[in-house]
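In structure tokens, one chain follows: the form predicted on its own.
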């Protein structure tokens, strides 16, 4: 399975701290009116650690109803134990997910060796009824999945790709070089999408694609068409908002941007807090610039 294109790691809206399935459905329908390759539910931006298993199943089920079968639904199933990750992957498959996105376990950071990762992911891949994507996000987990381990795991027939969220172009290039052609390396950092695609990444899973999906798909298409000057110019325009809704203000900032763009964003689930007024204004300013760009591209 070769996974290509742009995917948004969608947020989970809440209404008075309860999962807002109506708002989630509304968002999913709107995203599916774009040329996104599919959706990623219950990733880091979906506040997955804050949802219980019943809520997680409901989120995947609702999103599946809105994602056509010719597009891909990826669901985050990473847990701290191998057993729980397998169970979550089985539940995700039962709810309709096509692929499981499995983050590195990380609570016992000092014990997360290459051997541990190989055994963990191999056991999950052996048992999962759906293919899995490795997920490396050192900024959140505090551990890193080396390219050497990814290249070994890439030989497993049920491990089809890896999301690399670290903004390290050398890591992306090494992953592409050391894994088979049918293994999909996916960029997870908005500021490095263009160079990642240039060194062979098959696509991207981007928080920014939740807010301005058309422009993120446009960047991907420009690279595929070899229009590199236009792609680089668009990358430079996308980067400021990309940083605001990820490294600067995280999920709370992303949800503000969604509200401003007409999606259902809402507040994050506590203990996360909404951003302050200055952050909201900065997001509003950058989003306004990109919305004008979206209109220009559509005309």
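Numbering follows the first chain given and starts at 1. No experiment lies behind these values; they were computed from the predicted model shown.
Just so you know, the form predicted together with another copy of the chain exists too; it's not on screen, but the next bit is about it.
**Student:** Looking at 24 to 32, 246 to 254, 65 to 73, 259 to 267, which stretch has residues with any non-hydrogen atom within 4.5 Å of another copy of the chain in the model of the complex?
**Tutor:** Of the options given, it is 246 to 254.
**Student:** Considering 127, 198, 87, 217, which brings a non-hydrogen atom within 4.5 Å of another copy of the chain in the model of the complex?
**Tutor:** Checking each option against another copy of the chain in the model of the complex, the one that comes within 4.5 Å is 198.
**Student:** Even though the partner isn't displayed, in the model of the complex is residue 224 close enough to another copy of the chain, meaning a heavy atom within 4.5 Å?
**Tutor:** No, no contact at 4.5 Å.
**Student:** Given that the partner is absent here, does residue 163 sit within 4.5 Å of another copy of the chain in the model of the complex, heavy atoms only?
**Tutor:** Contact check for residue 163: no, nothing within 4.5 Å of another copy of the chain in the model of the complex.
**Student:** Report whether the minimum heavy atom distance between residue 57 and another copy of the chain in the model of the complex is within 4.5 Å.
**Tutor:** Close contact is absent here: in the model of the complex, residue 57 is far from another copy of the chain, nothing within 4.5 Å, heavy atoms only.
**Student:** May I ask you to state whether residue 155 is within 4.5 Å of another copy of the chain in the model of the complex, using heavy atom distances?
**Tutor:** Flag for residue 155 set to no.
**Student:** Verify the flagged residues 91, 133 and 159 against another copy of the chain in the model of the complex: is each one within 4.5 Å by a non-hydrogen atom?
**Tutor:** Heavy-atom distance to another copy of the chain in the model of the complex: none of the three under 4.5 Å.
**Student:** With the partner left out here, which residues of 166 to 193 have a non-hydrogen atom within 4.5 Å of another copy of the chain in the model of the complex?
**Tutor:** Read in sequence order, the residues that approach another copy of the chain (within 4.5 Å, in the model of the complex) are 167, 168, 169, 170, 174, 176, 177, 191, 192.
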